[in-house]
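Just the one chain here, the form predicted alone, laid out as structure tokens.
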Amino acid sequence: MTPESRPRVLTGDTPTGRLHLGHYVGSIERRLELQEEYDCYFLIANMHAFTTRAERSEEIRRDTLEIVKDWLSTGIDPERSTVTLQTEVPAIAELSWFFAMLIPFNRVMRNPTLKTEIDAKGLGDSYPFGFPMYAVGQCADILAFRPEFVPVGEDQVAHIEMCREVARRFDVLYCSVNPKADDADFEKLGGVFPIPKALVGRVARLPGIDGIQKMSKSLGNAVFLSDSAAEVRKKLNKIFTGRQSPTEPGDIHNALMQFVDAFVRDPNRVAELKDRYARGDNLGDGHIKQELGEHINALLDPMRERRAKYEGKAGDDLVIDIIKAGTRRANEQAERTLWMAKEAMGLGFFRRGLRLE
């Protein structure tokens, strides 16, 4: 099958810093599987980064390149998948405007992910107008490519549900699709947009090394995909469980054992570790952390090797070439979607083409 004839997938990341192990088990490893059978589009949402960092544009540019390097290091293949840049796909911004007319402001502000971000970042009432707008923009990020599936972390499921609402609303209003139709039938019944489904990764929520909060760069509790082997071991040693001795029965649901579930891939070994840990069978936290380090570094070693190709100025140039080639392909698809949407809305006066230089 050619990529164009495969079911389509869209997902991506906002460039807020390097990717970590939580991103990997929550979404990246699913992307690697999907690119074997699906037409995958991976979007760097650099426009969204400006919602809280508009005064740090150089950081956003740097983080944009770093995220693509992380993707490439994990095995994302630009020959099989489309890597694209949000700010260079103008159809996304146009669709965001149209979609903003289809969803009430109070519905946007009820989005639990948006509310959580406002609280976590201490924005209060001082966030810019564009901050809630980015929730609508995420709908356009997705629907511009009319995907069937969107791989996301657990905390992004609410965004996907709002996107599904927008797609239904558009198809009902402008394409006369019966609002009682099954989601799976909207496109077949003449809708411009399929109703995309969220795909949550194997590990919905990986705790950070603090043992409390979800792994996050901003909380300083992350193990990054680009960390050295020594940095990984040092960080894992910080995982706190509160356990005092190897003969003390341990909680098999604590942060350390969640890491075991995520990164020790032999189920028999996981079962053995959990059994001994729960019984306090002379199995110390330090031993588990050492074994975890071996498993995680075995996962990251090939990534470190691939990433080395993209270091320095020459590496940045390679990354920009990859983004440019992918963005050409992405614009072809997004412009096609925008034309279909405009025709449905009675705005199909003429078509346009885009050229990247």
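Everything numeric here is computed off the predicted structure, so don't read it as measured data. One rule holds for the numbers: they count along the sequence shown, beginning at 1.
Heads up, the form predicted together with a small molecule isn't pictured, but that's what we're talking about next.
Between the small molecule and the residues Val83, Val152, Ala167, Leu236, the one pair within 4.5 Å by heavy atoms in the predicted complex involves Val152. At least one heavy atom of Gly12 is located within 4.5 Å of the small molecule in the predicted complex. Using a 4.5 angstroms limit between non-hydrogen atoms, Tyr134 touches the small molecule in the predicted complex. Remark: Leu43 counts among the residues lining the small molecule in the predicted complex, judged by a heavy atom distance of 4.5 Å or less. Of the heavy atoms in His48, some are within 4.5 Å of the small molecule in the predicted complex. The chain is drawn here without the small molecule; in the predicted complex, the stretch among 210 to 218, 178 to 186, 94 to 102, 141 to 149 whose residues come within 4.5 Å of it by any heavy atom is 141 to 149.
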